[in-house]
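Quick setup: one chain, the form predicted on its own, written in C-alpha cells, and binding and motion questions come after.
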Amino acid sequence: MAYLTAFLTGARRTLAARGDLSTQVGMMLLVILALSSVWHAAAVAHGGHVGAYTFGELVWYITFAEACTVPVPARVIEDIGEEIGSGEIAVAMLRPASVVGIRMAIDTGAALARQWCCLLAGGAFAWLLAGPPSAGAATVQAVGVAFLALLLSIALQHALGGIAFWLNDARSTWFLFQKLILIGGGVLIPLNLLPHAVASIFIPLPFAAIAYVPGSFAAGHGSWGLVIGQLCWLIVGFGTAFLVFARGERRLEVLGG
C-alpha cells in the first residue's frame, strides 16, 4: 500500500506541475522536428530509405526513443546523491518501508505520467510529420516495451546514484549516464545503422534497452530477442539498485547515519 501511495504521489505531482510538463513535452517535440528534418534529407538523398528504414519509420523510432528518455531525467542520479549527502536518506531509513523501493515508486509514477504525455503528444506530432505508423500491431507492443524501458532507466539511475553512499557526490555519474544513453542507447540514430562492429557492442548493453528497443518496435524492426534482453537487464538493474542501497544504508548505520 505504501508503494502504491508513493506511485500515485509521484504521478499527481507531475500532472500538477503543468508548466514543467509542458516545457518537457515541448522540448521533446522540437528534438523530434530537428531529427526528422535530418533524416528526411538523408532519406531523400538515398532514394527514400536510410538503411532498412523509411522516413516514416525513422520518425516513429525517434518519437518512441525520446519518449523513453525524456520522462526520466538523468539528473535523478544527482538528486539521489544530494539526498544521501544531506542526510535525507538517513531520515527515510527510520520508516518501515524500503527507502529505495519508495523512491523508485515515486519516480515511476512521475515518469509514467510524463511518458504518457510524451507518447500522446509525440505520437500526434509524428502522425502529422510522417503519417500513421506502418508497424501496425508492433507499435502497440512498443508502448509496453516503452514502459519496461522506463522502469530500467529508473532502476539503473538508482543503482548509479547509490554510489554517493561512498563518494558523497553523484554529479559526474549522471553526466556519464546521459552521454551513454545518447550515444550507446540509440537516441540519435538506430544502432543497427551503425557499422556492424560498433552495433554489436552497443545493442547488448542496457542503454540500448532504454531507447533503441522501444524505438525499433515502433518502427517495425523490433524482435522478441531484444525484449528478452531488456527483461534480463531489468532484473539486473533492480537487483543492483536494491543491493547498492542495502549496503549503503548499512554503511550509514555503521558510521552513525
Partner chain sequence: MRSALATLGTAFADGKANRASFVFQIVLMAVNDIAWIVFWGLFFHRVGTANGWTFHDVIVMFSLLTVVAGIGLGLFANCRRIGRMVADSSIDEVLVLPVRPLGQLLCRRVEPTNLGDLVFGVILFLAAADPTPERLLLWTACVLLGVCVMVAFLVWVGSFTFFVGGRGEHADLGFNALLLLASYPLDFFGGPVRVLLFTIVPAAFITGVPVSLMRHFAPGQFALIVAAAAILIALAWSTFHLGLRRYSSGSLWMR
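Positions refer to the first chain, counted from 1. Quick caveat, the model's predicted, so the values are computed rather than measured.
What follows is about the form predicted together with the partner chain, which we do not show.
J.: Would you mind picking the one in 167, 90, 97, 183 that has a heavy atom within 4.5 Å of the partner chain in the predicted complex?
T.: That would be 183.
J.: Which of 112-120, 133-141, 172-180, 157-165 has heavy atoms within 4.5 Å of the partner chain in the predicted complex?
T.: Selected stretch: 172-180.
J.: Has each of 102, 228 and 247 got a heavy atom lying within 4.5 angstroms of the partner chain in the predicted complex?
T.: Not one of the three qualifies.
J.: Within 4.5 Å, heavy atoms only: does residue 27 come near the partner chain in the predicted complex?
T.: Yes - in the predicted complex, heavy atoms of residue 27 and the partner chain come within 4.5 Å of each other.
J.: May I ask you to check whether residue 204 falls inside a 4.5 Å heavy atom distance of the partner chain in the predicted complex?
T.: Answer no; every heavy atom of residue 204 is more than 4.5 Å from the partner chain in the predicted complex.
J.: Can you tell me whether residue 195 touches the partner chain? I mean in the predicted complex, with a 4.5 angstroms heavy atom cut-off.
T.: So residue 195 counts as contacting the partner chain.
J.: I'd like to know if residue 33 sits close to the partner chain in the predicted complex, meaning any non-hydrogen atom pair within 4.5 angstroms.
T.: Residue 33 belongs to the contact set for the partner chain.
J.: Can you tell me which bits of 28-47 touch the partner chain in the predicted complex, meaning any heavy atom within 4.5 Å?
T.: 30, 31, 33, 34, 35, 37, 38, 39, 41, 42, 45, 46 sit within 4.5 Å of the partner.
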